[in-house]
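Listed next as structure tokens is one chain, alone, in the form predicted on its own.
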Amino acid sequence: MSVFDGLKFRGISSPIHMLDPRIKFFYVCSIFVVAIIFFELLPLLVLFLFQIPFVILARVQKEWIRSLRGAAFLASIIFGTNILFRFIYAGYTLTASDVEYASAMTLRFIALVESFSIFFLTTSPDHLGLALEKSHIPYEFCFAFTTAVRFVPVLAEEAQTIMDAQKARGLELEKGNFLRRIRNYIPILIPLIISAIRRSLELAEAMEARAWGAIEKRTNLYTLKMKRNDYLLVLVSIAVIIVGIFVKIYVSVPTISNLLGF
């Protein structure tokens, strides 16, 4: 469940937290575009290292590392799947280039998780909802999205609590074959689903008590204003896209296996 730590906002005073959420989302999109267009390991490694200063400036290193640690299981699946298909497609032979390609696909996933983790760790759900409203998205959709962002880490923590409680009662989750392990998680899922339904009913009652939706024109406590650092991040994001496209079109990126002579 530690992967969901990367979706939980941390209220820290830092230059990254003070940036406009719209600009931070544009930065995430730029990282996404560059990560998608490359299949080589070296540029994806540069893209991964490029984001580390943002993590340090935001002072969310521990939470960021936990989110990457939680994504390690999915990353291992991506690596194993690519290795398997490359092995079968090449006629049951495995070369260094196949391993490098699988590593690049895995690093692409990690770089994307890294960028979205920075975004959610440094962006308040209130500011995120306001940014969506300013983008002319209906408030109902904004509210549903921000509510989901708030409750996903909460439900993840509750699931971990239920698992610990069931283990203390003698439930063995890691023993048995695959089907047996799936059945072992039924005592986890049922309390979690009941808790989620209870939370949704409480939220609905709270919304009705506050006359949610009675007034069409809403006012907000916060306002979003572009500052100097926001314009700087826009320039950095545009530069990342331009450099990425330029390298992709005009530069022959070497592979690590070629550099090492394999």
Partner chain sequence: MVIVEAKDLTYTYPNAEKPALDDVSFEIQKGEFVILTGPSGCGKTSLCRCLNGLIPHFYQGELKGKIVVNGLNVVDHPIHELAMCVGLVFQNPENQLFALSVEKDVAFGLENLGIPRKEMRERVNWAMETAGIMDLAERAPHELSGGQQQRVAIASIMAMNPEILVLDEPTSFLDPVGAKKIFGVISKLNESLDVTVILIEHRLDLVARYANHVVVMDAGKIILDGEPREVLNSEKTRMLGVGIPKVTRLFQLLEEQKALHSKKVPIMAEEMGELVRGALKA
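From a predicted model like this one, the values you see are computed outputs, not experimental measurements. Numbering follows the first chain given and starts at 1.
Unshown form predicted together with its partner chain; subsequent notes refer to it.
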Touches its partner chain in the predicted bound form: K62 (any heavy atom, 4.5 Å): no
4.5 Å heavy atom contact, R86 and its partner chain in the predicted bound form: no
Proximity of K217 to its partner chain in the predicted bound form, heavy atoms at 4.5 Å: yes
4.5 angstroms heavy atom contact with its partner chain in the predicted bound form for A156: no
Which of 184-192, 104-112, 88-96, 141-149 lines the interface with its partner chain in the predicted bound form (heavy atom within 4.5 Å): 141-149
Contact assignment for its partner chain in the predicted bound form, among C29, M226, L49, A204, heavy atom within 4.5 Å: A204
Heavy atom of each of F54, R66 and F79 within 4.5 Å of its partner chain in the predicted bound form: no
In the predicted bound form: members of 83-110 within 4.5 Å of its partner chain, any heavy atom: none
